[in-house]
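In the structure tokens that follow, a single protein chain appears in two forms: structure 1, then structure 2.
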Structure 1
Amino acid sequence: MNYARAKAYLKLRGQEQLLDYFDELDKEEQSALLNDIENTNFNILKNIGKNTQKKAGKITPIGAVSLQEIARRKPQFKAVGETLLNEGKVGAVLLAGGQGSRLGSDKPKGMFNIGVTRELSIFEQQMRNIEEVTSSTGRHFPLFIMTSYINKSETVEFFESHDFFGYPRDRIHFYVQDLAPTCDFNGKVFLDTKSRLSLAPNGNGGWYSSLINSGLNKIIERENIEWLNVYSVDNVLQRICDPVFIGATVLKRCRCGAKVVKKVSPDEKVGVLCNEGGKPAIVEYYEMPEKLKNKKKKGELVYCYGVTLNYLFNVHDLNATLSGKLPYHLAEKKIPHMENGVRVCPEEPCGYKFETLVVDMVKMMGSCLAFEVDRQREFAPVKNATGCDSVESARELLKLNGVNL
């Protein structure tokens, strides 16, 4: 794309401001800007003013496979899950695009040292958790790691410098999450610098479309992978490709599964798996009506199953579901951008970021198994430096599980 084509292209979309500083750029910078313009999906901007939150109906509680039932049926569930793992029908996807800024680190979050007397990164601990499965099955499943465009190189280098934590190199595949433009409240796309558009990751719901766009879906097709276990870098106690979880989801004939924990209080900041209009849905803690959030029966919360961001998706159903495409959510953010020739960092929200959410993927699947796990064994989020869901609380839970820190 040259300047003339870019100008005409942007004029049709009302985005001519993106060329305001073009004459001030050198050839390399001009090329970078034109490349951004050519490869940016401006159609996303049509979501401004639309109500992407479709009313799905009445919110009601959802049943779960309880800890008691899991203990009783564990051999049966585990046998089915291990068979699928041994047949190479399961893969895993790690969502690792986040930075450790809230932990006081400028590195990818997975590189954060959770150890005390020794180095133990979040990445390493999660890879050690994977060993629990691979040591019993004797087979290494493919692991897809989604990074951001900012931290891919650093993440790959970290895995390489640690010899991929003993995992076969050819079974780990890195890819970058797709980006979406940011804009002001009037739909004008921001410039991050004079030569680059302001682009942001397209939300955690973009994990699968980004994987497809990277071309890594060819591995899934070639190996006939039927299930993908998607999990977040935040939780150091994640159990990945857990055969019991896989087997339960399959035997319960669900299109997807979600590991859940019982909430410790009505105000715990986790999304709640429930039914919405008769279909499984995740209602975020800040969206749950007060009356429902606090509702109890026999002394226990009725809406009690908090999601841990550990999901199992059937690939065939995932492909069919995503043909309808996920809705974009508009998040009001403080977005650094160019303004009158100067890059500003606003103190108040100044525009939109466009995000797709994994919770919508669950809703579109039509059925989801709520699989209860012991929070002391499988739920140690690392979101804050201190206090609740922090480095401190995660370390205590790791010690409780016998991990040498």
Structure 2
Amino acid sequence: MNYARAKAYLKLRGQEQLLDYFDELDKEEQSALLNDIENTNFNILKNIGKNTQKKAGKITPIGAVSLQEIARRKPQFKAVGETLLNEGKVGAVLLAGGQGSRLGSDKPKGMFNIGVTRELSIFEQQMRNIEEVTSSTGRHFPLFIMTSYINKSETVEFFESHDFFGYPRDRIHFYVQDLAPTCDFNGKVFLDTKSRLSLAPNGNGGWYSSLINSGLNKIIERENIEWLNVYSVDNVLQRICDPVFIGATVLKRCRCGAKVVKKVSPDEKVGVLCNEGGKPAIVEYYEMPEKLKNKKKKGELVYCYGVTLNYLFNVHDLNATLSGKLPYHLAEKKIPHMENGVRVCPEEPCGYKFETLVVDMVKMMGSCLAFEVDRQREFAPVKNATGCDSVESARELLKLNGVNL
């Protein structure tokens, strides 16, 4: 794209401000800017003002495979899951592209030290959890790690300097998640510098399309992988590629599975798995109507299954849903940008980032097994520096699970 074409292209989209500093740039910077303009999806901006809280239909409760049923059928579930793992039909995807802004650390969240008397990063603790499975099956599943363009090199260097925590190097595959433009509240795309657009990671729902765009799906095809266990970086008790979970999802003939915990209170800030218009879906805590949130039957919450960001997706069904579009959610954020020739770092939210969410993929799958797990053993989120779902609470739970800190 040359300058004249870019100008016409941007005029059509009401984004001519992106060329404000063009004359001040050297040749290399000019071509970087034109390149950004050509490769950016401006259609995303059409989501502004749209009601993304889709009319989803009536919310009704969902049943789960309870802890009791799991205890009773564990040998059966486990045998099926272990067979699939031994046949190499399962891979894992770690979502590590987030910015961890609530934790207040400028490093990738997985590098955060949760040790007390020794160094123990979140990444290391999760890799130790994986050993429980690999030592019993004797096989290492492929582990795909999604980073953002911002934290990729630090993440890779961290794994390298820790010798990949004993995991075979050739079974770990890093990739970078796709980007979306950011803009002000009027939909004008920001410039990050005079020569670069302001782009941000497109939310954790971008994990599968970004994996395909990175070419890593070739590994999935080559190895005939049928299931992908997707999990977040910020739960230090995350159990990954759990054979019991895999076996239960397969035997219940579901296209995806979600590890859920019973909520401790109606106000706990977790998304809730329920049915929406008759299909399994996750309703975020801030979207759940008060009346439903507090509804009880025989003293128990009716909408009680909180998701832990640990999902099992069937690859065949993921591919079938690819043509469908994931909705973009608008997040109001403080976004550094160019203003009157100067780069400003606002103290208050000044515009939107556009994010797709993994929870929206569950709805597209059409069926989802709610698989209840013991929260003391499997749910220790690290979202905040202190208080609820914090480093402190996660440390307590790790100690309870016999982890030496």
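Please read all numbers here as calculations on a predicted model, not as lab measurements. The term rigid core refers to the maximal set of C-alpha atoms that superpose within 1.5 Å between the two forms. By convention here, residues take numbers in order along the sequence of structure 1, the first being 1.
Visitor: Mind telling me which structure is the form predicted in complex with ligand UTP?
Guide: Between the two, the form predicted in complex with ligand UTP is shown as structure 2, not structure 1.
Visitor: Would residue 374 count as moving between structures 1 and 2, using a Cα shift of 2 angstroms or more after superposing the core as the test?
Guide: No; residue 374 is a residue whose C-alpha shifts by less than 2 Å between structures 1 and 2 when the cores are overlaid.
Visitor: Could you check whether the CA atom of residue 365 moves 2 Å or more between structures 1 and 2, using the rigid core for the fit?
Guide: False for residue 365: its C-alpha shift is below 2 Å.
Visitor: When the rigid core is used for the superposition, does residue 397 move between structures 1 and 2 (threshold: C-alpha shift of 2 Å or more)?
Guide: Moves: no, less than 2 Å.
Visitor: Please state the CA displacement of residue 28 between structures 1 and 2 in angstrom, with both forms fitted on the core.
Guide: For residue 28, the C-alpha ends up 2.8 Å from its position in the other form.
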